[in-house]
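Read the single chain below, which is given as structure tokens and is the form predicted on its own.
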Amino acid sequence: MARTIQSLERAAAVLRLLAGGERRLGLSDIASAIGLAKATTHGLLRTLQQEGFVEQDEISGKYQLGAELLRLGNSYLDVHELRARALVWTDDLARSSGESTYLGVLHQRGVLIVHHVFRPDDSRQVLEVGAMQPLHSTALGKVLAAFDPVAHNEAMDSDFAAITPLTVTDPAAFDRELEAVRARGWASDVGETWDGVASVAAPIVDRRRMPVGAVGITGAVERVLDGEAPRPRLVAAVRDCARAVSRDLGAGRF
């Protein structure tokens, strides 16, 4: 059986207790409910309070859940709403493009794949949900870095590792490319992350017109490109998909 960290188990017990029943609880109530000494419980509450997970009422001294938990919960819901809204549209994109379709969000200085639709053929493929992709070498990452200021800062602070001989490793050159991405509304990468593979991606925005993710296709260079540039019909299909998901998130026309 895998070992667990006792302090984390105790902290989780405190949070679950505060999440149910009465809105606010005192130190004695919490200590009694989770079966710990007051001193130990107070230490847990103090740490959770410092991290924003618990708040203490100044008048009564009682504890309740903090705003940081709400922020984390909203982040979780945002990603799942994005995926739910995108399911039908990404299926359509895979069918119309004939390529694998990916939905990605910013996560830990990279792109987290939250949805993946297989290329509609009989080839053997591996589900990549949960995989991480670089910001500086992928179409999804470039779109996020171009339209999301947080992603841009994280990309510019990265080491710009040369994943393939075609990876852009100069921060200034990368920043210039992002200017072009913002101007045309989509990004591409050709052999910058995987040899012989090209991608096209476009941003998804919410009702506030804030970027919440990116959608794109990936396939063999000879299928995705027409000469040296992505095929116009594929670019149009990706952008149409991004617009459709954005509309479903309340963005309206953009």
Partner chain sequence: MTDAQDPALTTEAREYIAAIDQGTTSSRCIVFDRDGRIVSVEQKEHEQIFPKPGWVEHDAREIWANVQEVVAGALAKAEITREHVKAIGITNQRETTLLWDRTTGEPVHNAIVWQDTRTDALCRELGRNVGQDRFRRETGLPLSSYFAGPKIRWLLDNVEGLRERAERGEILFGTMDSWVIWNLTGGPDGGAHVTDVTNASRTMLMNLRTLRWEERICDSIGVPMEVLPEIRSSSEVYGHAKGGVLDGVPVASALGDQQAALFGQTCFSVGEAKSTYGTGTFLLMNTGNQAINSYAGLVTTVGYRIGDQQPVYALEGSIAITGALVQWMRDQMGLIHSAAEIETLARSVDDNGGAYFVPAFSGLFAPYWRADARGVIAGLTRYVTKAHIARAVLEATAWQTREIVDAMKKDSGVELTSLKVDGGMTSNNLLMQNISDFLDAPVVRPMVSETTCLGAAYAAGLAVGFWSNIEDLRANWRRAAEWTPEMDPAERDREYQFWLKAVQRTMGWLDEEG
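Keep in mind the model is a prediction, meaning the values are calculated, not measured. Numbering follows the first chain given and starts at 1.
Keep in mind that the form predicted together with its partner chain is not shown, yet the notes after this line are about it.
Would you please decide whether residue 80 lies within 4.5 angstroms of its partner chain in the predicted bound form, comparing each non-hydrogen atom pair?
Looking in the predicted bound form, residue contacts with its partner chain include residue 80, since a heavy atom lies within 4.5 Å.
Residue contact check: residue 131 to its partner chain in the predicted bound form, 4.5 Å heavy atom:
Taking the distances in the predicted bound form, the answer for residue 131 is no, it never comes within 4.5 Å of its partner chain.
Even though the partner isn't displayed, in the predicted bound form is residue 96 close enough to its partner chain, meaning a heavy atom within 4.5 Å?
Because a heavy atom of residue 96 falls inside 4.5 Å of its partner chain in the predicted bound form, the answer is yes.
May I ask you to state whether residue 163 is within 4.5 Å of its partner chain in the predicted bound form, using heavy atom distances?
No, residue 163 sits far enough from its partner chain in the predicted bound form that none of its heavy atoms falls within 4.5 Å.
Considering non-hydrogen atoms and a 4.5 Å limit, which listed residue (173, 88, 150, 156) is close to its partner chain in the predicted bound form?
The residue from 173, 88, 150, 156 that makes the contact is 88.
Just one stretch in 114-122, 163-171, 131-139, 179-187 has heavy atoms within 4.5 Å of its partner chain in the predicted bound form, so which one is it?
Stretch with heavy atoms near the partner: 114-122.
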